[in-house]
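Next up is one chain by itself, shown in structure tokens, the form predicted alone.
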Amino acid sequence: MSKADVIIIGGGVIGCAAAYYLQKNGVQVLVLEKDEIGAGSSSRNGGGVRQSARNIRELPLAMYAVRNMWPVLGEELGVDIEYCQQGNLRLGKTVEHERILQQLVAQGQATGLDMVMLTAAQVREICPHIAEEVTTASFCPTDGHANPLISTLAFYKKAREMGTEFITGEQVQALTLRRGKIAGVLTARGKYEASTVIVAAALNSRAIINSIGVDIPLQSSLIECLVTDAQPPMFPYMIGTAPANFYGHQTSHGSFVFGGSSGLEPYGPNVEQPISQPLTPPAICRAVLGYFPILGRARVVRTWSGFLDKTPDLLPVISKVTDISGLILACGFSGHGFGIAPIVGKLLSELVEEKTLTLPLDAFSFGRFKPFM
């Protein structure tokens, strides 16, 4: 296919979700991915489907996805995405940690999120494996987790079954314009035509839109995950901490997936490949053992790293570019994209089809980064 109604650049969970919802409505979609489907951050995250501890402007997206989409998504896509909705425990040890958690709870409750503070006794009642030093926690019972790679591939599989064409190993070099409007994209193999292009290529989005003089201040940040061997069932919750030094959960087959950073990872535009760092896995392990000493005998099976595409305000850009007809951006998710991917995909389809939006997107406008004139 050299021509489509919509071209999506990026075969991660956002691009695949958008393709699914567009194709479901009869829009012919072509997805171009420079690597393999889900090879980027969509397969390199901890799988959290989290509402708690989000920016208040992003929270409505997360709440809508959890209430209306994630519980039925596996059945809708015909794939077991390993969705588990048993809650999110965010643990604390100090007075300062308790203050942080109280702020998060107050923020969540103010927007209608079911979220409470727990005492040390209450935490141990629902999760007896924690360290003695844990004194408090926040708890959001409607949070959960899912398998990020399987979820991405489930969107891909269903969209492809309905007619979306996916081309992998296709590096987009530039966008093309005709009379100031989007005309398609240019790759090493040739040109693809479409009157609408969605750029959902994470960090690569910046170089792609730079080709037509558009910019977003995206920066890269390296983060790492590790997976352990299978352990006896211990807890179903998504786990985090007040100092945010690790996050993770136990999978349905027993292994634990934990993510985090040491604070010493390489940073900035000169870091081209997400290579595991020697200091990061030990830092994550030390942090985990400080809260779950019972895992001291668990073995780390493998580690992997990935990039966050971060914006200055840590909010994504989900927006039309008003100066260029047909250009839509979906990038800068800053490590928060997986849990809101279903609703973002739906909203992108509504932007393309110029339908009434399910939720407002004003907070995620491209225009918020324009310089003052």
Partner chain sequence: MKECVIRRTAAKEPFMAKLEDSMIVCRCEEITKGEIRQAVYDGMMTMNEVKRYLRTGMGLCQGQSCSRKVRDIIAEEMSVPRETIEISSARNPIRPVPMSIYANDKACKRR
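Numbering follows the first chain given and starts at 1. This structure is a prediction, so every number in the text was calculated from the model and none was measured.
This protein has a second form, the form predicted in complex with the partner chain, left out of what is shown; the following refers to that one.
*Asks:* Check whether Thr136 has any heavy atom within 4.5 Å of a heavy atom of the partner chain in the predicted complex, and answer yes or no.
*Replies:* Answer no; every heavy atom of Thr136 is more than 4.5 Å from the partner chain in the predicted complex.
*Asks:* Given that the partner is absent here, does Val288 sit within 4.5 Å of the partner chain in the predicted complex, heavy atoms only?
*Replies:* Yes, Val288 sits close enough to the partner chain in the predicted complex that at least one of its heavy atoms falls within 4.5 Å.
*Asks:* In the predicted complex, is there a heavy atom of the partner chain that lies within 4.5 Å of any heavy atom of Ser221, even though the partner is absent here?
*Replies:* Residue-level check for Ser221: no, no contact with the partner chain.
*Asks:* If you check in the predicted complex, is Ala174 within 4.5 Å of the partner chain, heavy atoms only?
*Replies:* Close contact is absent here: in the predicted complex, Ala174 is far from the partner chain, nothing within 4.5 Å, heavy atoms only.
*Asks:* 99-107, 143-151, 174-182, 86-94: which one contacts the partner chain in the predicted complex at 4.5 Å, heavy atom to heavy atom?
*Replies:* Looking at the partner contacts, the answer comes out as 143-151.
*Asks:* Using heavy atoms and a 4.5 Å cut-off, decide whether Trp70, Asp313 and Asp362 all contact the partner chain in the predicted complex.
*Replies:* Contact check failed for every one of Trp70, Asp313 and Asp362.
*Asks:* Give me the residue from Ala39, Val27, Leu59, Val321 that has a heavy atom within 4.5 Å of the partner chain in the predicted complex.
*Replies:* Comparing distances to the partner chain in the predicted complex, the residue within 4.5 Å is Ala39.
*Asks:* Only one of Asn210, Thr111, Thr119, Thr168 comes within 4.5 Å of the partner chain in the predicted complex by heavy atoms, so just point that one out.
*Replies:* That would be Thr168.
*Asks:* Heavy atoms within 4.5 Å of the partner chain in the predicted complex is the criterion; list the residues of 299-331 that meet it.
*Replies:* Stretch hits, in order: Arg299, Val300, Val301, Arg302, Thr303, Trp304.
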